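Presented below, as structure tokens, is a lone chain in the form predicted alone.
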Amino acid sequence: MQSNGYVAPSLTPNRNGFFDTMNTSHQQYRNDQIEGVSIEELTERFGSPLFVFSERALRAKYHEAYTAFSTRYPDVQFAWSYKTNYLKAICKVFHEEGSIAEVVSDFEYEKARKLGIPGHQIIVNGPYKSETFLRLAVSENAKIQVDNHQEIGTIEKIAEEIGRPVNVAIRVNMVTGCEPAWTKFGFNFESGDAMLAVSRVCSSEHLNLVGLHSHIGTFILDPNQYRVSMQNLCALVWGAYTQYGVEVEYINAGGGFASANTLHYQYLPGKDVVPSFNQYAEAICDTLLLNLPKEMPTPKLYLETGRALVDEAGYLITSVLHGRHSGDGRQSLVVDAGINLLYTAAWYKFDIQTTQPFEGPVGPTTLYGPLCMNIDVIRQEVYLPTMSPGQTLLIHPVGAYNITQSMQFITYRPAVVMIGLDGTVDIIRRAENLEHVEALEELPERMQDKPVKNDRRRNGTNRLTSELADAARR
């Protein structure tokens, strides 16, 4: 209600932060290079859009993370999470650094084996594992993380058939403060189902309990949630040890570490709020060393590292196709990379920078992809200068999940390149074409010789046009 000229106050949310609104006239320019290679050169050679990975950044992140854990715990093993990015070159980098493989399907298992990773160096996760897949994993001594009671029964049947016990680990879900809790996976701790699974495996003549596993969620910003998960796993270790005399050989702390990306609801940039590897390592390692039974050997610690190692090593170069300004001065840009390539646009406010120097004002800009659908939005609001067709933008970080979840929707998927330690640029996945997309398609033989009835369609269209014209004249 208003009277006597009073106008009720209103608040307009600042979606991009203090500096975006203050710096309305400044140079919007970060760099025209990635790892010393010109962005202009990259697009001339490989086209646009273009995914670019830095080998140097991949290896540096691995070393940073591994040092944080290995200096705090006596026996640490990283397992590269294939679902995060399963391009062969990316996986090979992490395997060269010392990672084994962590997979969630027979498809990913096959990729790891083809890269030369033996079965006993593959952790097998996931809520569904077919009996055929389990038989293969058992025969190659893979590290199977059991997800449900039906799976326990299937593995018991396989073990009985082959005449030897099978080593398994148990996946546990729990309340740690991560919302929503990941109750889809594994056996619940609070209900007692996890301890029931421990008892069942320890009591089985066909199974050996060798590990306990928990992956509490994704993009975890509070390291203390790992303290809770490790305390709970330690309680199960104690249960197996005191009730059955079983000494668990390993603890798998899962993954979920955040990258420097910015979630949509965050006010501050991700790089300013994401915990360090040291903070994650302190929460996990200190809790284990404090709570594990001193009477038994210290279990090996596995970590299923993914996003935090690869996300910031990945860039996407995209070109402006066209733009327009609305009446309120807002700019809309359509670029040649859509959400079919950037699945994680649903989660993140990517860092988006021009690759050319601009002097002058910047303003609120909505960045759209080229797809014929209204939800194809890369950033709802980012401050950019007025841009022209052909100019490029750099989107970062995009190394995690976008490659594995991208699709040939409306457009082909582009090339992916890696810049090596010596500056060499290698294609690690070629750009798609029609031949790639249709390689598995089959046109039934009965349809192959039938002509397309273009004439009838054209005549029908002409007839309809005539009828519409006649109706307009009437």
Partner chain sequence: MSVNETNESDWKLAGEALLRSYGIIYFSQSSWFGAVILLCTLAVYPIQGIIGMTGLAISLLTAIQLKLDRQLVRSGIYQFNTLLVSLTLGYFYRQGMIDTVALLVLLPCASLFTLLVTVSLSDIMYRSLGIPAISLPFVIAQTLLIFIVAPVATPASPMTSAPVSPFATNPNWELGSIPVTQHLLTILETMSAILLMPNYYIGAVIIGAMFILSRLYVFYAVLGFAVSMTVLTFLPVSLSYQQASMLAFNFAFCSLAIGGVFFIPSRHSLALAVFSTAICTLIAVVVVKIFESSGFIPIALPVNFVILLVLHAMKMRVQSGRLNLTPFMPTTPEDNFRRFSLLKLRFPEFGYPTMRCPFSGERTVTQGVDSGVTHKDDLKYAFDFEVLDREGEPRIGINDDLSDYYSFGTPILASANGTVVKVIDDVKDGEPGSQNLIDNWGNLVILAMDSGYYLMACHLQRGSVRFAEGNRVRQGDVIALCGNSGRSASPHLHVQVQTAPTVRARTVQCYLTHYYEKHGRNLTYRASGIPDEGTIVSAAVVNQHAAECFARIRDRKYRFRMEQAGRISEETITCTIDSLGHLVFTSENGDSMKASIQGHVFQVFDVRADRGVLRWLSMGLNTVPFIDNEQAFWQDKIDARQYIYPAIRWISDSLAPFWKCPTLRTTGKMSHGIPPEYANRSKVGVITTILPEIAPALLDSRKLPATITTYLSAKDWVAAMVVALDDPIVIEQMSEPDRDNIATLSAKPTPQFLGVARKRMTSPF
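Residue numbers count along the first chain shown, from 1. What you see is a predicted model, and the numbers here were worked out from it, not measured in a lab.
The form predicted together with its partner chain exists for this protein as well; it is not shown, and the discussion that follows is about that form.
According to a 4.5 angstroms non-hydrogen atom cut-off, is residue 388 in contact with its partner chain in the predicted complex?
Looking in the predicted complex, residue contacts with its partner chain do not include residue 388, since no heavy atom lies within 4.5 Å.
Interface membership of residue 120, its partner chain in the predicted complex, 4.5 Å heavy atom rule
Residue 120: yes, in contact with its partner chain in the predicted complex.
Can any non-hydrogen atom of residue 189 be found within 4.5 angstroms of its partner chain in the predicted complex?
Result no; residue 189 lies far from its partner chain in the predicted complex.
Does its partner chain come within 4.5 Å of any heavy atom of residue 88 in the predicted complex?
Because no heavy atom of residue 88 falls inside 4.5 Å of its partner chain in the predicted complex, the answer is no.
Looking at heavy atoms inside 4.5 Å, which stretch does its partner chain contact in the predicted complex, given the options 78 to 86, 122 to 130, 291 to 299, 180 to 188?
That would be 291 to 299.
Which one of 164, 264, 114, 324 is close to its partner chain in the predicted complex, taking close to mean a heavy atom within 4.5 Å?
Contact check passes for 164.
Of the options 110, 249, 160, 381, which one has a non-hydrogen atom that comes within 4.5 Å of its partner chain in the predicted complex?
Spelling it out, the residue with a heavy atom inside the cut-off is 249.
For the stretch 49 to 88, I need every residue with any heavy atom inside 4.5 Å of its partner chain in the predicted complex, listed N to C.
59, 63, 64, 67, 70, 71, 72, 73, 74, 75 sit within 4.5 Å of the partner.
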